[in-house]
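Have a look below at one chain only, the form predicted on its own, in structure tokens format.
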Amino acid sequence: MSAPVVVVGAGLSALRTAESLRKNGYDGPIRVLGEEPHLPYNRPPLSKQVLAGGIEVEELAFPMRASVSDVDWNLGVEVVRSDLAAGILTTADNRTIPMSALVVASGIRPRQLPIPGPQKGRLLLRTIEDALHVRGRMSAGIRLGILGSGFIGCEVAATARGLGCEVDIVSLDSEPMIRPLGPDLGAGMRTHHEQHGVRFHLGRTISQFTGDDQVTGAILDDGTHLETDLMIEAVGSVANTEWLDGNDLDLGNGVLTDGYLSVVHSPIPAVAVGDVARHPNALFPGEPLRIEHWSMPTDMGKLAGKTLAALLAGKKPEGSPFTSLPSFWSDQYTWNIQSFGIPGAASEYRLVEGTYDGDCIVEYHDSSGLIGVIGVNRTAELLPYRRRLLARYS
């Protein structure tokens, strides 16, 4: 039997790529290697419903279609090295795994800053185990410190306040969620959090954690001392690409692909999908981007499976290149933030309806025109914007 297509990573993008491989005619073996002990599951609820206790782990799993019932899922397996030219992967327990083709779906991990002080009690939020550990410690009166004011940090803060925790957010940014939202909408969202009792320490970072063996507080770079019972770090992510070192690939901020999600310079048929992929998008011509939005894995998996099936059949990919419209949403208190496009890449933005500290719609533009839109409690009214953004490629 020929060597399998090997998928490194067992998240949603891996599942959707396997489904697409089958749909597009590949009937050979598929082997998935996942570092976590779980089949693909839904991550966005980890910082919201799971922490609040409103959803159980079993409810997070994605259903499996009959078309992928024969996929070989190998969970709790870490890939540490690869030799693509030889078609070999090496695992942490020193097993070698042959492959005829590769799907890079290894995702991302939370970034941790090199801050001195005790290391025990520096908590991250990426996996089911992370969320369950944090949930077990969050209760009324707990003093929670959060390093980072992006979406994860702010969603955790909103959930924690709902549970009665005291919350301090420390961030170098001048406003929360400033990169995708911009300073004005970010300031509006800060107002909502402050009205719910969250304390912000903006333009600041942590210079040292305090405590003996366990983190019990943090000293900020202005000398402020925060006492904490729990410290969560949410300062961005790092693409999991180290296992691909030495293969002459472009691994700067993720794995570079072409417009069909084929890995550039790979000596064997290979595609990259999900948060780890840095790819062009024909809707937004320019530099390839790595986009960590929930909508992307499904769209990427569909095209990547089609691309890889063609390559394995000795053909070139056909049809349109990748043209997915990124989208995200975030629920914080009674506020629902919904976005289409890439607002974080805009050179200017404008408020078109409402107020920044209330219900609103904000447009984001660059020299090519509209590239993104964000609505706060305006989901239905964003649909015309979605159509406009999709019309950028025709």
Partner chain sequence: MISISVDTNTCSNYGQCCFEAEDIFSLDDKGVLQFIPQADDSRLEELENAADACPMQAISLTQS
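Numbering follows the first chain given and starts at 1. From a predicted model like this one, the values you see are computed outputs, not experimental measurements.
What comes next is about the form predicted together with the partner chain, which does not appear here.
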item	value
Distance check, T228 to the partner chain in the predicted complex, heavy atom within 4.5 Å	no
4.5 Å heavy atom contact, L351 and the partner chain in the predicted complex	no
Proximity of D331 to the partner chain in the predicted complex, heavy atoms at 4.5 Å	yes
Partner contact for K302 in the predicted complex: the partner chain, 4.5 angstroms, heavy atom	yes
Contact at N74, V238 and R290 by the partner chain in the predicted complex, all three, heavy atom at most 4.5 Å	no
Stretch from 341-349, 29-37, 47-55, 356-364 whose residues place a heavy atom within 4.5 Å of the partner chain in the predicted complex	47-55
Heavy atom contacts to the partner chain in the predicted complex at 4.5 Å, residues of 59-88 in sequence order	F62, P63, R65
